[in-house]
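To begin, one chain is listed below as structure tokens, in the form predicted alone.
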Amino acid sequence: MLEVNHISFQYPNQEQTLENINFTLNKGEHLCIMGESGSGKSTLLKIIYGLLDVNHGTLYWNEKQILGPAHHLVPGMDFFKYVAQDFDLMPYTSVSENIAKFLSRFYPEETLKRTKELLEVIEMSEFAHVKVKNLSGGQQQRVAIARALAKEPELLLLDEPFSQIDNFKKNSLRRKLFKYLKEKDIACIVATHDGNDALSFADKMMVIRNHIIIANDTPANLYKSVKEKYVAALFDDINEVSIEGKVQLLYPHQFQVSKEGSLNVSVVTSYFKGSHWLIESLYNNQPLFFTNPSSIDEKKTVLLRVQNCL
């Protein structure tokens, strides 16, 4: 278990970066940390890995205290792996050689088997003998993830792990990677701004804003229990609209065009989203977004009703 006990951190000559961060993570659990750029997500991963010393509080993994560079000549915990946004790969060696770097040379057959397994996880088997310097940024990002997994860490720390990967590869890679981690019972913490990383794959989701934790629950509970616009906006567009004198937070799909609707809106424009259209409209001079199976002409007036379909 990871225990983060009321830690605070501040870079020299800067404002407080993290304040009173407190949470636990069990073996094999996946946590997604979300928040806007500069909220402290990456800093928290560095603290957990042991690259920074906290100003206050303590951290433990299975009752072993996690200490930073003030206590270790070579910072970083051996049983964790951290994949930063700069991948630190060996550019003039092959993909396979990068993955196998930390594996034993005394068991070549086992090393080859392990390397092939991880190449399949990151969907790069055909690039096994390609030098890293000839790969795209997204491909290098996938190699960095595979290399971190080579020795099966107890905890994997990923900082924006899919930021450079194309969408058509990203969805498949996410499914394979998080399935693999569950099979191997490897705990994982992902720092991201992409709600898709949390909704389908995280057991827990934590939101950091203004240096503190403002939400910590399952992704499903945070999505359904819409209490803060900032949290809801991490998943989807969110409407903050006054209906019958009460301010409500509602996702676009919670509105439906209906003759029995009570909300009279004027359409501004329609955005094609593939499976549906996102309609931008005005309701009492307030912007309101809703979904619809087809586009709607600009300036057309329609009636909407709220449906509780979360």
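Small disclaimer: the values here were computed from a predicted structure and weren't measured. Residues carry their position along the shown sequence, with the first being 1.
What follows is about the form predicted together with ligand ADP, which we do not show.
*Asks:* Can you work out which of Ser42, Thr58, Ser266, Ser270 has a heavy atom no more than 4.5 Å from ligand ADP in the model of the complex?
*Replies:* Filtering the options by heavy-atom distance leaves Ser42.
*Asks:* In terms of non-hydrogen atoms within 4.5 angstroms, which of the given stretches 42-50, 65-73, 244-252, 22-30 touches ligand ADP in the model of the complex?
*Replies:* Of the options, only 42-50 has residues within 4.5 Å of the partner.
*Asks:* Does the 4.5 Å heavy atom contact test between Glu280 and ligand ADP in the model of the complex come out positive?
*Replies:* Although ligand ADP is absent here, Glu280 would stay clear of it in the model of the complex, with no heavy atoms inside 4.5 Å.
*Asks:* Taking 4.5 angstroms as the cut-off for heavy atoms, does Ser275 touch ligand ADP in the model of the complex?
*Replies:* Ser275 lies outside the contact set for ligand ADP.
*Asks:* Just to confirm, Thr17 within 4.5 Å of ligand ADP in the model of the complex by heavy atoms?
*Replies:* Thr17: contacts ligand ADP in the model of the complex.
*Asks:* Look up in the model of the complex whether Ser262 has a non-hydrogen atom within 4.5 angstroms of ligand ADP, and give yes or no.
*Replies:* Although ligand ADP is absent here, Ser262 would stay clear of it in the model of the complex, with no heavy atoms inside 4.5 Å.
*Asks:* Taking ligand ADP in the model of the complex, which residues of 23-40 have any heavy atom within 4.5 Å of it?
*Replies:* In sequence order, Glu36, Ser37, Gly38, Ser39, Gly40 come within 4.5 Å of the partner.
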